[in-house]
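Below sits a lone chain in structure tokens, taken as the form predicted alone.
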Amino acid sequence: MATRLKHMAGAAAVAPLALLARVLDPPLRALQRVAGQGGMITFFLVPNMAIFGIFVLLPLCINFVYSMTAGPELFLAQRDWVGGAQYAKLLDCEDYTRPATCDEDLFWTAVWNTARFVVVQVTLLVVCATVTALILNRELRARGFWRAVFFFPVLLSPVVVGLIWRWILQRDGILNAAMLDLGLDPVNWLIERGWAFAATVGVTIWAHLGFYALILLAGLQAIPRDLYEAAEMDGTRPARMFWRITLPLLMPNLLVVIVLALIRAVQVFDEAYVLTGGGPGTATLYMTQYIYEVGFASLLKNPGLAAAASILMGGVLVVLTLVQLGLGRRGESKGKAR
């Protein structure tokens, strides 16, 4: 009886879809006879490409046009055309390693802060995600529970993550209260420059670790167990199995993780802005916050300068992604040649 009820419920659920398919089948068959297989491919791609063009390509083109204009006005018709003056202002520097010598010193402060953040955060994130995936891939008690625990922070809003950790790390927060109970001196986690930078790195790793660990875990589970069994029979040590079997076969997933982590790290904003607001001073002022403040939050708004900074940041991201993909393909070609 229960099986019959299940079948009836399933049939009722798919009935509207089946009816829609029967209605659309005759016109689609007629269109295929006229347009052919290639025409049908175009027919199904056009809606997706239209959405992509409207919501991605068009805003990108508008942003590029904005970067060629100046003034605080929002509408393009009211803005003055200045050509590449905004880019020249951003790139006008005596010494790029010393932001104080640059015309737009806050831009280069944000650039170097972001570069340091990307190097530290992406390195630690990839290492932690790999170790986490290796542990979760083992035979553990309540393995499903632990996988859910590590993935749970990914489901939280970045703003919520920032608020939770600001509550924990502030001067009179939970962490300092626990340290006082243990007889330790409290630390100004969000006020001292070094600790504030470390806090933004640690919080973003905590927030996104589960997502990247899940990608690597999928790669680990795709590796045939026969390879490990054969290596064990040959007396291969676990460390050698990791370097000779696990890491090479995990490299495609690892490349995806590095590219995604790099893009997200360059665009860091939500957690850092809620956690420190860019402070203390400009210690945690990153590129996206600089673009936001110059374009929207500052009293002297300059959407053109913010647009130019975003175009430069996007160009750097494209170059870094292409370099990583090129290195990944080169490594795969070398592996196949061997």
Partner chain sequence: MGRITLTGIEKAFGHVEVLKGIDLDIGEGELVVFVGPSGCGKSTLLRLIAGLDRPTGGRIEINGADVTRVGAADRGLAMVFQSYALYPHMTVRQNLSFGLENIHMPKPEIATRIAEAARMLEIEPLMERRPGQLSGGQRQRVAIGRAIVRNPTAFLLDEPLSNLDAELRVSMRAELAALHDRLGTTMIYVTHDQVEAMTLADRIVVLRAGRIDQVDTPLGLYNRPANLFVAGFIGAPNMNFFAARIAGGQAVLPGGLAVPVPGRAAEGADITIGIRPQHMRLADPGAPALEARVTLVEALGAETVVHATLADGERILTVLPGQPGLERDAVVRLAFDSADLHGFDGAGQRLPEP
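Values in this document were obtained by computation on a predicted structure and should not be read as measured data. Positions refer to the first chain, counted from 1.
Absent from the display: the form predicted together with its partner chain. The rest refers to it.
Would you say all of L91, R98 and D103 touch its partner chain in the predicted complex, counting a heavy atom within 4.5 Å as a touch?
Not a single listed residue reaches its partner chain in the predicted complex, so no.
Given that its partner chain is not shown alongside this chain, does R143 nevertheless sit within 4.5 Å of it in the predicted complex, heavy atom to heavy atom?
Flag for R143 set to no.
Does at least one non-hydrogen atom of A230 fall within 4.5 angstroms of its partner chain in the predicted complex?
Heavy-atom contact with its partner chain at 4.5 Å: present for A230.
Check whether G202 has any heavy atom within 4.5 Å of a heavy atom of its partner chain in the predicted complex, and answer yes or no.
Residue-level check for G202: no, no contact with its partner chain.
Does R116 make contact with its partner chain in the predicted complex, using a 4.5 Å heavy atom cut-off?
Flag for R116 set to no.
Which of these stretches, 194 to 202, 179 to 187, 83 to 91, 220 to 228, has heavy atoms within 4.5 Å of its partner chain in the predicted complex?
One stretch meets the cut-off, namely 220 to 228.
Could you work out which of L249, L262, L209, V161 is the residue within 4.5 angstroms of its partner chain in the predicted complex, going by heavy atoms?
Residue within 4.5 Å of the partner: L249.
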